[in-house]
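One chain comes next, on its own, written as structure tokens: the form predicted alone.
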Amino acid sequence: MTSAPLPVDQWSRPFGVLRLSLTARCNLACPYCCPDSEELPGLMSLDQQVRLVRVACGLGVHTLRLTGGEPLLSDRLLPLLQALARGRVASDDPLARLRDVALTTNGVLLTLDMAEALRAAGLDRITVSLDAIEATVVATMAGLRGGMAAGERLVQQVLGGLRAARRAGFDPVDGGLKLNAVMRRGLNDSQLLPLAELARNLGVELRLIEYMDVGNRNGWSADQVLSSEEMTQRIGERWPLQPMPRASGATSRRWSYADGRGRIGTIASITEPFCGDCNRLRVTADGKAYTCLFASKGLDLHPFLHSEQALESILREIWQQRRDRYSVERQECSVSTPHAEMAYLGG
């Protein structure tokens, strides 16, 4: 690694977070994501993944989020965590700069054995996704056949995954375990208060995500968006909320319950864009780098993955040329352009 200054983009935003997708496959078929049934060709090798994370850390990355598809379907997940953990304890390795390694999962495969293995391999945080409590709504949101029975089974699997994560040592009090929900008006907005109540009872923070225009398959329209303001208003009428300070680079605004029983966060890229301090680079499982969740195309990193020097040079160039702020400019766009699919980018 060179001793050159850490890169900033065209809006003076530093490089701080790497979101690395491990697979485009998923065992659910959520309609806002629309995952593929088959794996992408040309997946990065374990050595390439480790090299990528190491170089990114040398350029300022302090947080790694592992995504999919469903990352628990990847046979490279545990080996990658173990390799990163070895570097994180070496004082002369850029990987030692990693303060936080997190995972986003639908929770279906999050057994106690898996949760304990993830913890032992060095994972710091887990976010589990669940978009409803009512069985029929769950089935719809997850794209499941089988109606109520399939929905009930999924809810029990996810709740089991949350319990397994807690038993394995992922502590919701310090943010080690969170619950995500994508809210879509007219589809699962009836589940807002039940989800909030579930999270309060479990003692985990609930993060509510506005339905976003990511990809080209999900039929997004603005009237389907349940805004952050409306979500917090509805919850606050039931359980009063107090705003919390927003950290620099954070995707969510956060509130605590006035009665002290937990917190919620909202990710409002539609109604309250946070592009101004976005510090994230996304890399797909097949090695394409995207500088924005709403980007139309990425840069294939494969020609540069053979060496740290080549990789450092291209990542620095990518970041220094970056000027994305799609959420801010969305209203100014007169022509809709294709976006990369959510299943590839991992959110």
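Just count from 1 along the sequence shown to find any residue number. What you are looking at is a predicted structure, and each value in this text was computed from that prediction instead of being measured.
Below, we turn to the form predicted together with a small molecule, even though it does not appear here.
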property	result
Leu22, Ser74 and Gly287 all contacting the small molecule in the predicted bound form, non-hydrogen atom within 4.5 Å	no
Of Asn188, Thr104, Ser228, Ser252, the one that lies within 4.5 Å of the small molecule in the predicted bound form (heavy atoms)	Thr104
Met212, Leu162, Leu80, Leu192 - the one with a heavy atom within 4.5 Å of the small molecule in the predicted bound form	Met212
Contact flag, Leu311 vs the small molecule in the predicted bound form, heavy atom cut 4.5 Å	no
Contact test in the predicted bound form: Ala340 vs the small molecule, heavy atoms, 4.5 Å	no
Trp319: touches the small molecule in the predicted bound form, heavy atom cutoff 4.5 angstroms	no
Heavy atom of Ser129 within 4.5 Å of the small molecule in the predicted bound form	yes
Listed range touching the small molecule, judged in the predicted bound form by heavy atoms within 4.5 Å, from 197-205, 90-98, 271-279, 105-113	105-113
